[in-house]
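Take a look at this single chain in structure tokens; it is the form predicted alone.
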Amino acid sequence: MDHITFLVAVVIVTALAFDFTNGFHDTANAMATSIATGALKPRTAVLIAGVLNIVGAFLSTEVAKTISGGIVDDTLVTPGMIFAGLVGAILWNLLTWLVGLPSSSSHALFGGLIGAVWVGAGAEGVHFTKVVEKVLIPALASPLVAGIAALIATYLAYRLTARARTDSVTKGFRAGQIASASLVSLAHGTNDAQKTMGIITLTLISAGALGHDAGPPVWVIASAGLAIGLGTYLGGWRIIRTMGKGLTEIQSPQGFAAETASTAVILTSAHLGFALSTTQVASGSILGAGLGRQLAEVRWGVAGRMVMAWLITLPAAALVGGVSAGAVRYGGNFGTVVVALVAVAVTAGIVLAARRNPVGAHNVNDTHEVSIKPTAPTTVGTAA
């Protein structure tokens, strides 16, 4: 424990704070369609997702090893750089949550870390070949693969049940959604909790508490799983609304197809060590499911804003991470304190802005739009 300095402890706490934001930011990936179709009640859905995220965290550590010793040179990384990268990731997560955009928490983390290490250690500190192989290529391929799989599955689901009674089909697929959404939650814990495990492991390696190429200790796995599980349970209702209602009006066969496609892609990539974005996979699946049903409306404006967010997530988080790393590098402890205080102030501002027009379990399905400005009350009494 001699290697656990105050700065290392701060970095570990900050990493778990990111894991928490990752949880509520990505709850929609597993449960948005089940909530939208009525397969699960909102509170029940996030409880199931939270528990299964914790279980999933213990299933694999391949992605954690990719982060701790793959995309950056762990011999050049310092705890200060990791802290700066986490700040960039957390602020981007909160900003996109505020506007209801399902951007990638994974790419926010990678971007913040890459920017911080680049500024703190130079370009040689970043393994750009690994970034392309393990991050960028999966980012391009995974939503396409998931979307095509969901499109085919949706088409087959409607074809095979064309002569069945509509109420029987709906009831059957809603039951199936409980299982498929649970699998997505399990896969999310397997994939996303590992990213925080990798960050904490990288911090311990940089501080000399672990050897190079070491895997995450059990306490790291457990704490990362609990943090993402708690965040998931609180529910990122603003993003759940966008995913469940904003892209397309989802019916139960589409929800089942989208969740099954997402599970297959996420678990396969986790086994191979690809640190992909579960948000992009889930969004691609929902779009594919929307296209797979005849006469279904796909809101391409919302999809376009999502894709734009995907494109700027990594460089935006890298910019914040790089600026933060510069402050930490040249300002020492004072610079670290300044970065932390600024991050807390921005976080407080975002939370207060969200409270002007809150979205929760009580009104998540009322509309497909997420707005920061308060909406005028209506005679119906619905909230936005």
Partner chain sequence: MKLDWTALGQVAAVSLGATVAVVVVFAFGVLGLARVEGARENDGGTHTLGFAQAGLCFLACAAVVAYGIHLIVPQFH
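A quick note: this is a predicted structure, and the numbers were derived from the prediction, not measured. Positions refer to the first chain, counted from 1.
The protein also exists as the form predicted together with the partner chain; that form is not presented, and the subsequent description refers to it.
- Of the stretches 205 to 213, 162 to 170, 305 to 313, 81 to 89, only 162 to 170 has residues with a heavy atom within 4.5 Å of the partner chain in the predicted bound form.
- Contact check for V218, A224 and A343: none of the three has a heavy atom within 4.5 Å of the partner chain in the predicted bound form.
- For the options A157, L101, V77, L94, the residue carrying a heavy atom within 4.5 angstroms of the partner chain in the predicted bound form is A157.
- A heavy atom within 4.5 Å of the partner chain in the predicted bound form is found for one listed residue only; from V119, A153, I71, L287, this is A153.
- Mapping the unseen interface onto this chain, S269 counts among the residues with a heavy atom inside 4.5 Å of the partner chain in the predicted bound form.
- Put simply, G176 is close to the partner chain in the predicted bound form: some heavy atom of it is within 4.5 Å.
- Taking the partner from the other structure, the partner chain in the predicted bound form has no heavy atom within 4.5 Å of any heavy atom of Q251.
- At the 4.5 Å threshold, heavy atoms of T190 reach the partner chain in the predicted bound form.
- Along 87 to 106, not one residue places a heavy atom within 4.5 Å of the partner chain in the predicted bound form.
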